[in-house]
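Encoded as structure tokens, the following chain is the form predicted on its own, with no partner shown.
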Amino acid sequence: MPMSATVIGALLGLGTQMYSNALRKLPYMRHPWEHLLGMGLGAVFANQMVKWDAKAQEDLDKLLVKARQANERRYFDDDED
């Protein structure tokens, strides 16, 4: 998964830079270092999104466990009646 996120991010960065040059009617590869920078930033962005998604899923699982436990205490505990 991280390798595919890196490749997708790099392609996103490259595509963004080429699209920017096309909109301004400049040669696609006007400054090659800008493409490398865009690819690097895109790869970092995509990998951070994968990490953020995994962390969000982990936090959601913890909250669901807490909610399930709270509901079980509320509805299935007969100690207080």
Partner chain sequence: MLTISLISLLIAVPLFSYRITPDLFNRITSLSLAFAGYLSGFFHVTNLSQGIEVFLLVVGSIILISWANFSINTSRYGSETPTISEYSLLIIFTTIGGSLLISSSDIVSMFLSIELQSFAVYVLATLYRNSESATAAGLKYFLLGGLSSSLILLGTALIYSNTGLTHFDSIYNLLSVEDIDSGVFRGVQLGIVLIGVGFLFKVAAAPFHNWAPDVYDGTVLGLSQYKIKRLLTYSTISHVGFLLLALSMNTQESVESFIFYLVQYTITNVNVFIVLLALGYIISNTPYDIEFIEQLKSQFGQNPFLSVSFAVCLFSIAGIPPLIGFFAKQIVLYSSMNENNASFIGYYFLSITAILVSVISAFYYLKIVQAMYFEKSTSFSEIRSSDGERSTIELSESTLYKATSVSNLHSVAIATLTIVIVLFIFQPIILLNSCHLLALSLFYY
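From a predicted model like this one, the values you see are computed outputs, not experimental measurements. We call the rigid core the largest set of C-alpha positions that still match within 1.5 Å between the two forms. Positions refer to the first chain, counted from 1.
Just so it is clear, the following notes concern the form predicted in complex with the partner chain, a form of the same protein that is not shown.
Annotated contacts: A5, M29 and M39 are all free of the partner chain in the model of the complex [non-hydrogen atom within 4.5 angstroms]. Put simply, D59 is close to the partner chain in the model of the complex: some heavy atom of it is within 4.5 Å.
In the model of the complex, at least one heavy atom of L12 sits within 4.5 Å of a heavy atom of the partner chain. Although the partner chain is not shown here, in the model of the complex the stretch 16 to 31 places heavy atoms of T16, Q17, Y19, S20, A22, L23, R24, K25, Y28 within 4.5 Å of it, in sequence order. In this overlay on the rigid core, N71 has a C-alpha that sits 2 Å or more away from its partner position between this form and the one not shown.
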